[in-house]
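Listed next as structure tokens is one chain, alone, in the form predicted on its own.
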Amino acid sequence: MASEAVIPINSDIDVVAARQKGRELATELGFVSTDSTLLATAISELARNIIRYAKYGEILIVSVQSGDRVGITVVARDKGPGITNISLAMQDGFSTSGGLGLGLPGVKRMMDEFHLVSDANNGTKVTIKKWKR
């Protein structure tokens, strides 16, 4: 049942490809359309962050199963400069790029699970999971 895709992220075209791949997998697994949209939006946000802050990275999208639960795990990783202040970055309204600052806190709210690891030497890795309802 495990389905997996790795999408290199270097440009806006890659953001669209990653978003599409997430939506396809969600549809394949029978996710309701609102959850497919939330997943696609979260993937898009994470991919845009890779381009904005690290220039390039990758998005891994994989189906997961835990007992009778089915879900999708997305891992966004880059080798960029890292997030200097994670607690600040997780505050609503905070933005270093002049955007709306909905980014990471918004992704966290849309997903069932959210985990972020970041440091200056290794870049940033965000792991999110959405379970099928």
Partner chain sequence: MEVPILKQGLYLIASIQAALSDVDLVHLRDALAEKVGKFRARGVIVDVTVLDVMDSFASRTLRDLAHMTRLRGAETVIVGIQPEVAFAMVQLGLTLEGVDTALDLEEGLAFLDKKTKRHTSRG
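Positions refer to the first chain, counted from 1. Keep in mind that this is a model prediction, so the values were computed, not measured.
There is another form of this protein, the form predicted in complex with its partner chain, and it is not shown here; the text below is about that form.
Distance criterion of 4.5 Å from any heavy atom to its partner chain in the predicted complex singles out A40 from the list A40, A54, M90, V64.
In the predicted complex, at least one heavy atom of Q20 sits within 4.5 Å of its partner chain. Contact annotation for I72: none of its heavy atoms lies within 4.5 Å of its partner chain in the predicted complex. Using a 4.5 angstroms threshold between heavy atoms, G80 stays clear of its partner chain in the predicted complex. At a distance threshold of 4.5 angstroms between non-hydrogen atoms, L116 is out of contact with its partner chain in the predicted complex. The partner is not shown here, but in the predicted complex the stretch 104-126 reaches within 4.5 angstroms of its partner chain through a heavy atom at G106, V107, R109, M110.
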